[in-house]
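Next come structure tokens for two forms of one protein chain, structure 1 first, structure 2 second.
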Structure 1
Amino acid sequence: MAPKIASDKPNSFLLLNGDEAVARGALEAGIKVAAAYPGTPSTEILEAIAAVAKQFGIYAEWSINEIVAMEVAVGASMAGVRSIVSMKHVGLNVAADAAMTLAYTGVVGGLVIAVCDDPAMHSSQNEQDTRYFAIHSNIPLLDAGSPQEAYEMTRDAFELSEILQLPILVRLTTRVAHGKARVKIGKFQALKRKAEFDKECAKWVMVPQNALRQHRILKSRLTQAEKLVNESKFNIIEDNNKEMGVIGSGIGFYHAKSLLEQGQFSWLKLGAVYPFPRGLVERFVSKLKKVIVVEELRPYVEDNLHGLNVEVLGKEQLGLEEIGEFTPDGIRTAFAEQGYLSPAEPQTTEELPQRPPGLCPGCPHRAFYYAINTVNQFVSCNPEKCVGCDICELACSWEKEKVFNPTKSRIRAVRLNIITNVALTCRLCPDAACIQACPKDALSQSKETRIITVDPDKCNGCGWCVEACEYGSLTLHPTKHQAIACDTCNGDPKCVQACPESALTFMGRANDKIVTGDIGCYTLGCLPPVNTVQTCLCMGGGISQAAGMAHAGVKDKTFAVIGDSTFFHGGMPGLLNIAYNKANVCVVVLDNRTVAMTGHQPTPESGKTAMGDDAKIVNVEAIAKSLGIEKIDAIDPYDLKKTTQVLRETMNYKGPSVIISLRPCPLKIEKGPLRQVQQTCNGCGLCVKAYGCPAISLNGNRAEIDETLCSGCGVCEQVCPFNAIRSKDAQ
């Protein structure tokens, strides 16, 4: 079935969301090129265009980032054809360098920059109001408050762009982009244009002499634009001959109009908002004594009303915040407090279960985070379970000395009070105080595992190390009179297996290294229980943040995690930078070969284009080599043993390095064999408390696996220290 936006039935209605409406408007305007980088809530604009691109003779691409997408669309416009570039608000920051100069050069073929703001940050790291970017960049802006407006504004923006010879910003917010409505459509334009480039460099090359001239031209174009916005059909006055009026921009206007008695106010809907239609607004408020302004995010319209002879009820007076998105309930409350509405009747509400965000079941990123957390593991005791039975001491002394003698144990059970016990053993501290305290240099620590080793030829049993340990976990051998410490039984501590109360666990730690993050679903690695990711600033920023920390002299090894799409987007310059400047940073590319967070759009590694054609597969490892990285390891994150081994090696590597953690997103592949919990499960809870797969929960004293959620990845089977989780197929 043909996509609905391709419908050739003028004056009919389509049920479209705002993004699809933008795509329809662009199709009707006769675009020839469309480019974007995926990002919620703007992704569906290019998806909708790409789905019909071949049918309409359009070239559509997922560019590697927003500035590249902008430049592609600009190139098409310079050649005289119409083009569109779309992105979310933070993507506009990436494209800003091109956009700022683009206003100077101007355009030839109509160019629309569709930008979706995300009030309340449903899937963003900050809130921005693109109306202010329009001021900053001198690019006219249309502000859509509904899918119908998004369609009409996009279609007409191409005409406006060619009249002004400027790009036009079409702004949507999340509720407009993703909200669906009936949209009355028009007909497709049959533009017969041949792409030709005017090689007049004085117009396109912004050396200072040319830029100064073009800046004056830009100012004259904005003056022309101001005249046009004062007459724009998107600025609509409904004059009810009242003393009080309402001015709104975006979806806030429609919220207000749905709540207030329309006949009691005069109304002004502002759609063409930059340049600000001052003449129109002055004419509207000249009949009013008071005006209410309703607009999401920053008070752009309100600020432009200062100096006019009218009382303004803006955000402060209405008690509406600049933070978050507007809801009808919130606006109703604000109007009710001012006496313009009766308060809403109290409604009974039902408490919904909490659904905190988290990595999906089977997510390979979770497996990698678990592995990096377990690079250094130690035996931990839960005092709520420990009964002080001392069996751990007996198990340890037998394993190490072949005797059942608690005084020769590397773990000690201690009674804290009449009902509370705890078992103490070496915590494998970084920069261990016991080593620093030893006057004979008899103690040393493995760089890979942080296990403390005692040299019997040097240790004289002075006990200073015992006194220095803040955990009280070192002790002296009763007959050899030398220090003894837990060595974790080479990663398989017998005390943990022997504990009848499951009070002991072999825990990893997330705070013995620095892990900088980036933008993507893997950012959720900052949440419990993995708690691995410690920073998130911007696309590609994690690598350079890690470099800054390393050059500043932090003592911990720094890792920078980044997805493959983000690596292509903004990570490659950071990787080149650490190679060139020799930063002691390991960049981990969490490679699932798709843009998973925004709906599995292809990346340069996927071998497919936005239009479904085969493409060259770009290899991360080859790029890393070409940028000068000498240590590169590729691992399967589902193989915890191998992954941990590589990470331990990398902990001691000095210099730039790369780990490629390669596994497809579990949402794109078939499930593996489901896992089941065996009767031998003792409820230690490691699979829940340290690994945290959403498919696993603790039911009383046993773990349970929800088969509807289980992806069959099998990582939990490796996590369980008691072999209590197995493949269902192996039963």
Structure 2
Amino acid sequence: MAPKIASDKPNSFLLLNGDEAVARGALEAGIKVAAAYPGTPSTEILEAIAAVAKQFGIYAEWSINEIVAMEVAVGASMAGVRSIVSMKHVGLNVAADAAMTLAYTGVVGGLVIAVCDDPAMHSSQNEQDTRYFAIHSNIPLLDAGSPQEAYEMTRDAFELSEILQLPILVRLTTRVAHGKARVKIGKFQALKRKAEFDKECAKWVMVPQNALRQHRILKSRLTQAEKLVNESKFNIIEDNNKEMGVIGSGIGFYHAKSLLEQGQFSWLKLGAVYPFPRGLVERFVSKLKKVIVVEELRPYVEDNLHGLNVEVLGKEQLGLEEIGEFTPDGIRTAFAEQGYLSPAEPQTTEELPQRPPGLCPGCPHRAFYYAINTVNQFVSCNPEKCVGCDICELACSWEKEKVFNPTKSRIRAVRLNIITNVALTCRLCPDAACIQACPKDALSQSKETRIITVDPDKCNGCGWCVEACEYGSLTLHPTKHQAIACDTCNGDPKCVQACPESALTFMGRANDKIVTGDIGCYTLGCLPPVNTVQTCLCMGGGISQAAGMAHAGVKDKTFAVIGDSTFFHGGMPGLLNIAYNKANVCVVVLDNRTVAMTGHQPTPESGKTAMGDDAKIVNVEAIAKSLGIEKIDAIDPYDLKKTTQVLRETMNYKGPSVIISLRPCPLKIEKGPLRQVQQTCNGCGLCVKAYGCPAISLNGNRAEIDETLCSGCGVCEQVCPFNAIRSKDAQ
């Protein structure tokens, strides 16, 4: 089935989302080059172009980041052919360095920068209004309110770009980019252009002398642009000879038009918004007494109406916020307050459990986060559940001494007051006070596990270690008169298994490490029950944030998690920076070999290009090595034991290090053997409460695995302390 955007039936209708509509517009305009870095909600623009690129003789690529993508498109334009670069709003910040100067140099072949804003941040870390970026960078902007407009604006923007010799921003918002609608398409244009670069042209070299001249030229081009926007077919007046008017930009206009009585107002839909079409707007409002402005995010149009002889009902007067996206509900409420609409009927709602997004079943990131959460874990007791029954003491003494004798236990149940009990055992402190207190050097601590061992030849039972421990965790053996300490039963504490009240857990120490993150599926590791990722600023930001914390002298070990695509996008400079400046940071590349969040686009590690050709795989380990990182470990996050062991070593390593956690995204590969819960499950809930795989739920006193969701990764089998989860194939 040929992709539908290649349809050669002019004037027919296609069901397209705004991104596909942009792609269609670009194809009709005869582009030769397209470049992008994936980012929701802009991803499908390049995806759609790449799918038909060979058929149309186009070069399309997933560049490693947005500024690189923009530079590639600019290069093609400099050589005289038409090109498009697409990105999400925050991607435009990455490309800003190029964009800001691009208006000075101008373009030769038509160049469109398609940018998708994300009001309400469905998949973003901030809300930006690219109309303000247009002002800042002096680049004309067309604002699409529907897929039809996105298509027409993109197609026409190439002409406009060549007339003005400027790049053109085409802006979409999420509901336009990912909303689908009936789009009437047109004809493909056959452009017979040879790629040629004018080497003599001085406008490409932005040294101050040239840049000053180009800045003047730019100002004159913007004057010309203002004339064009005043006549633009994307600014549509519907004059109903009324005293009240509505001006809108983007999708907000259509929400308003759907709701309000049409004939009651005169309407102005603004599509070409920067430069601001002042003449046209002045003409429109000159007939009005009052004008309502409907625009999502910032009050851009509204700000431009100041000083005109008309009463403006804008954000403040209507109570419409600069935060979030517009909905018909919100607009009804605003207009109902003004008496233009009837208020909505109240809805009775039942408080139903939320279903927030989360890491998928089988996600290797979840396995890694579980491992890092449990490094340096110790037995902890919830005093609200502990009834002081002493069964933990019996279990411990049996395990260690083969007797049921609480005085020989490494855990002690203590009555704190008349109703509160708690069980105490070794907290595996870093630089433990007990060791420092021992006058005989009888106590030592493992670097990896922090477990305390007592040398029976040296310990004389003086008890100073018992005094020194602020948790009251150490005890003296009643008959041997030597200190004894919990060794966590080698990571499988029997006391936890025996506790009938589930008061004891073998849980992670969250307070001895900092985990910084950034943008990708793995950011979802900030959600419960995983709760691992503690920062998310921008692409690659986590690595340098961790470095800043380490250089500032934080006590905890800093880990920075980053996906493979993000590592190539913005992480490599951060890694070089920590390597050279010797930051005590461990960079964890959560390498799933794809850009999973945006729909599995290839990364430089996938071995495929956007157009499906084979490519040489770039190796993260080789990059780390070449930057001078001395400690590099490659792990499979599904192997919890090995992962935990590497993490323990890393906790004690001082200096820059790298862990490559390699496991392809489970959505891309075949399922492993399904897991089943055995009769022996006692419903401790660790698999749900600490690991949180969406395929597992607790039903009464037993865990249940949904086989339609289980990916067969088998990590839950390792998480379960009671061997109650096993492979279906193994039975």
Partner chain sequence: MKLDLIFTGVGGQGVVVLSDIFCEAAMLDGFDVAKAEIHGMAQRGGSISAHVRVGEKVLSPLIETGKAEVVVGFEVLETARAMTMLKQKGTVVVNTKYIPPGGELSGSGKAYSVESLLELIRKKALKVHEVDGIALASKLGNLLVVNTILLGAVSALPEVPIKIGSFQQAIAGRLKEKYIQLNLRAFQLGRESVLSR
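By convention here, residues take numbers in order along the sequence of structure 1, the first being 1. On a predicted model such as this, the values are computed, not experimentally measured, just so you know. We call the rigid core the largest set of C-alpha positions that still match within 1.5 Å between the two forms.
**Student:** Return 1 or 2 according to which structure is the form predicted in complex with the partner chain.
**Tutor:** Structure 2 is the one predicted in complex with the partner chain.
**Student:** Using the rigid core as the reference frame, would you say K400 shifts its C-alpha by 2 Å or more between structures 1 and 2?
**Tutor:** True for K400: a C-alpha shift of 2 Å or more.
**Student:** I want to check G80: does it shift between structures 1 and 2 by 2 Å or more at the Cα, with the core superposed?
**Tutor:** False for G80: its C-alpha shift is below 2 Å.
**Student:** Superposing on the rigid core, does the Cα of T453 end up 2 Å or more away between structures 1 and 2?
**Tutor:** Shift of 2 Å or more: yes.
**Student:** For C381, tell me the Cα shift between structures 1 and 2 once the rigid core is superposed, in Å to one decimal.
**Tutor:** Taking the core as reference, the C-alpha of C381 is shifted 2.9 Å.
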